[in-house]
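Taking the form predicted alone, here's one chain by itself in structure tokens.
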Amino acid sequence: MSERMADDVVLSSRVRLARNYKDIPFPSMMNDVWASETIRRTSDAVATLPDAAGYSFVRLANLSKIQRQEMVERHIISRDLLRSADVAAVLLGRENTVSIMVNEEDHIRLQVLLPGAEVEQAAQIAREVDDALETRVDYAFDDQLGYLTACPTNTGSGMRASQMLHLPALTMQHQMGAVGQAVDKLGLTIRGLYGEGSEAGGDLYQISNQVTLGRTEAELAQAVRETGNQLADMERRARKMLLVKDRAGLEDRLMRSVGVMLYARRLGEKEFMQRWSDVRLAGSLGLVQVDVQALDQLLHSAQNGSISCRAGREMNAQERDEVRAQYVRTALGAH
């Protein structure tokens, strides 16, 4: 199966590398002076990269709450980085495809995020950036264990590879419990939209490797890609089964959501996520003409942080839900 075929199921691929400086305490043990040194050292190293001009430097302390939230919604930064917002920073490069988070759980979390089932390409880009940085800094590294990290499960290559999958049919058929058990046996885990501890809003799930020790970066990326392909095939079979079992019932559910997205005057974030999932499934099944790529962009741009950022201010829930409904109608070509 080609990687392009998976785009109806696989939204994006991400690779994160955890790195720490050998002479600085881990973030959980360091003070503000060490945190500032970590930022200085990382930004100085990035400034020497061949494409340094393409990077922008952002201190989270200089951002508003809604700006930080928007960056999380777009998966540019992690939710964990917000916990240390006062001493955290991020360097963004390659049109936000690469983000280097500083002072998260580890000193550095180098992330590459690409659309579609491109986890091995993401791993390659991450390795290129990491190799370039490593010629300029000294990481905490052990000849037997590999890269040393704050969490033991990241020790080794320090790499977490993941894919974001849209699995509405498997969810409707109550198969996600069995899917989770099967994925676990392969040494991977399945989580919600924003990773560990988050819900699977919009029937979106992340699969990623659980441990990094004893496996190469190439092996981890391959395992995630192959598992993603298997889940994509399972999802497609489940969609066909739903059509065979009760086509009218499925179409009724999906088209009701299409109607809500096109004509609702107030749309809460939770309802939007579920309606979005239904519309995306309807588009994938050919029941409606919709640009799936544009719909995937809408997923992030219609969430609370993005809605408030475009308005340039905090809004109450009712006002935000009305603005979201109007934004969705416009994006889908309605009035």
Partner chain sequence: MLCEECGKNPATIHYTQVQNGVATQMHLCAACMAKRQKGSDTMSSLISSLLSGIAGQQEEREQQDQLRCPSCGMAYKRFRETGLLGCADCYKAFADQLAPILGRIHGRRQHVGHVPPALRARVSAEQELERLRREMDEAVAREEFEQAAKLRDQIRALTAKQEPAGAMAKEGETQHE
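What you are looking at is a predicted structure, and each value in this text was computed from that prediction instead of being measured. Residue numbers count along the first chain shown, from 1.
This protein has a second form, the form predicted in complex with its partner chain, left out of what is shown; the following refers to that one.
- The putative spot formed by Lys22, Arg127 and Glu217 is fully lined by its partner chain in the predicted bound form; each residue has a non-hydrogen atom within 4.5 angstroms of it.
- Of the candidate stretches 153 to 161, 261 to 269, 166 to 174, 116 to 124, only 153 to 161 has residues whose heavy atoms lie within 4.5 Å of its partner chain in the predicted bound form.
- Using a 4.5 angstroms threshold between heavy atoms, Glu134 counts as touching its partner chain in the predicted bound form.
- Residue contact check for Tyr205: none of its heavy atoms lie within 4.5 Å of its partner chain in the predicted bound form.
- Contact check for Phe57: no non-hydrogen atom falls within 4.5 Å of its partner chain in the predicted bound form.
- Interface membership of Glu95, defined by any non-hydrogen atom within 4.5 Å of its partner chain in the predicted bound form, is ruled out.
- Contact with its partner chain in the predicted bound form, judged by any heavy atom within 4.5 Å, is made by just one of Met241, Leu82, Leu145, Met255: Leu145.
- A single residue from the set Leu91, Leu250, Ala140, Ala223 has any heavy atom within 4.5 angstroms of its partner chain in the predicted bound form; that residue is Ala140.
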